[in-house]
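A single chain comes next, written as structure tokens; it is the form predicted alone.
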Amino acid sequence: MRSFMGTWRLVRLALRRDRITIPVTLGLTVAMVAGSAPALASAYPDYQARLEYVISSVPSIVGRFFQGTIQGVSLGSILIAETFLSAVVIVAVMSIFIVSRHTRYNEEIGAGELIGSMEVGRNAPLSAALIVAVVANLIVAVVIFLFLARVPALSRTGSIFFVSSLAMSGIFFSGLTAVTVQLSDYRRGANALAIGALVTFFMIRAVGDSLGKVSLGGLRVTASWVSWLSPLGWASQTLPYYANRLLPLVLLFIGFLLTTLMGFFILSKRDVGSSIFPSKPGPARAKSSLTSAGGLARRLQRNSFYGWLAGFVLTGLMVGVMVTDFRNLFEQNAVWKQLLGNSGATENFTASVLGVMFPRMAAMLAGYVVSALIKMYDEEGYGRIEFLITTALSKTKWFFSHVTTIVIGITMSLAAMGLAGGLGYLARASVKEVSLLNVVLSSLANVPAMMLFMAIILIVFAIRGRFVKTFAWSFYAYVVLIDSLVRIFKWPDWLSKLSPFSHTPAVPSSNVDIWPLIFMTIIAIVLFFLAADLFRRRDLNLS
């Protein structure tokens, strides 16, 4: 057991390093799920109200894609549809980041060798990371259950299966990350592999649920066999508050054990700091484009851009193809009616849907901006910028080379999302209510909000670079979830107005107010220059 020596000391170290990020993530997940239960019980107080929700949701392919399958008329079914998959994604990403940070990241920055020089076994870092991830998921489950148990309309048995499925999903992805951290020699690569698997599993489950069969009574959906090919499908097929299946939980646990054992096995076959798929050395001579600041910025941001571009295209295509399926859901659901009424789009139904959906999709995909800006922080933290500014390149020019590259990437990604959505809509819709150009413009209307989102993070980067990662991901979570949280908890509307994406006008529309777009663009540009000046004045933060 000498290979596990020092595990508990590393657990304490990991908890000390994550003393902010883990509680914030746990609090967000608990607030979203536990806070939704009483709010949904109030919104759907009786059988008739819940029946209307189920009838409007069951036939919707879009609803199945994002929310999973509905299983009967109960508050538990509504709770699962509204919160379960979102919570699963949050705990999965939390688990991925915990394991990669305390294993691969330590090796990447050289801390792995320092830790290994002490009385620490070879397997201790990975063991400690997995313990922290597992405990974090178990705490989420216990706390959420304590809240759900206080809601009379929710059975305690169903709540146990609900939180167990949620926790086991996060635990499964901690085991999966134990493998990916052995494959890549950089934390970003390991995270990309794990999150790529998460996205793939989500899409497989979404396809399987979308292909499911509606029961004769029209009150539940039986998922296709395709859903069983995905661990997220296993989690959904636990069917809390309906069937309370144990088999999917067993499958998730077996998956965790197998991936964990595989991670330890691969770890035993490699040296500290190495990986199964090491980064290949670059060419002996650099391309001429890399001699400029802009060319270097484009090269550094390239891989992240391509990955997120695929997400933008897929999202746009999904919205375009399924927009016709929104009609029943939107016209019969009071919440969606309110969203459409507040959108300001009065031209036609499709225009109203696009005016509501694209800003929300853009907020979700703003993670591209966060990942790109964190790349700037990494260049500074690892000291690579120090070598660049010793040449004729100034800090301001380096700053704007990345800003310009990211803004171009935002514009291209949103245009691609609109183009994919427009083509999907034209291919599916029998009656063409909007043109391809209008769909593209609806997507591009989110460029100012995305720029303002980016500018706010850049101000924090320019003032306090070390804090930018925490702030950026927290701000991202805010803009993604604030609309739902305001609706669930009945918070003041001004909280949602703090999100730049809430000010994007409904496009296409016959009476579009372009002034919010102009104001957001001007404010973003001003903040870009202010951030550049603040960055020029402060010292570099080197890890």
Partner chain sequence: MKNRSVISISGLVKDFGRFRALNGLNLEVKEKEIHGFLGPNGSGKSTTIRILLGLLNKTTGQASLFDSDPWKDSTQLHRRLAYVPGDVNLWPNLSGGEIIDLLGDLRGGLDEKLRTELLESFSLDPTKKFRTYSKGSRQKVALVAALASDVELYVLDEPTSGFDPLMEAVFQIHMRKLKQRGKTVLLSSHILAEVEALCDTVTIIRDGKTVETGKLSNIQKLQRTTFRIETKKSAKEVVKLGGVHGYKEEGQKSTFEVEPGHLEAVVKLLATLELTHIISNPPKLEKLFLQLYKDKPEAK
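These numbers were taken from a predicted model, which means no experiment stands behind them. Residue numbers count along the first chain shown, from 1.
There is also a form predicted together with its partner chain; it is not shown, and the following applies to it.
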Any chance E119 has a heavy atom within 4.5 Å of its partner chain in the model of the complex? no
Within 4.5 Å, heavy atoms only: does E379 come near its partner chain in the model of the complex? yes
4.5 angstroms heavy atom contact with its partner chain in the model of the complex for E386: yes
Going by a heavy atom distance of 4.5 Å, is M5 a contact of its partner chain in the model of the complex? no
Whether A284, T291 and R537 all lie within 4.5 angstroms of its partner chain in the model of the complex by heavy atom: yes
Which one of L314, I139, L393, V93 is close to its partner chain in the model of the complex, taking close to mean a heavy atom within 4.5 Å? L393
Among F253, F467, Y242, Y186, just one has a heavy atom within 4.5 Å of its partner chain in the model of the complex, namely Y186
Note: its partner chain not shown here; in the model of the complex, the stretch from 273 to 281, 232 to 240, 431 to 439, 467 to 475 having heavy atoms within 4.5 Å of it is 273 to 281
Having a change of 3 Å or more in the C-alpha distance between N191 and R464, I'd like to know whether it is closer or farther in the model of the complex than in the form here. farther
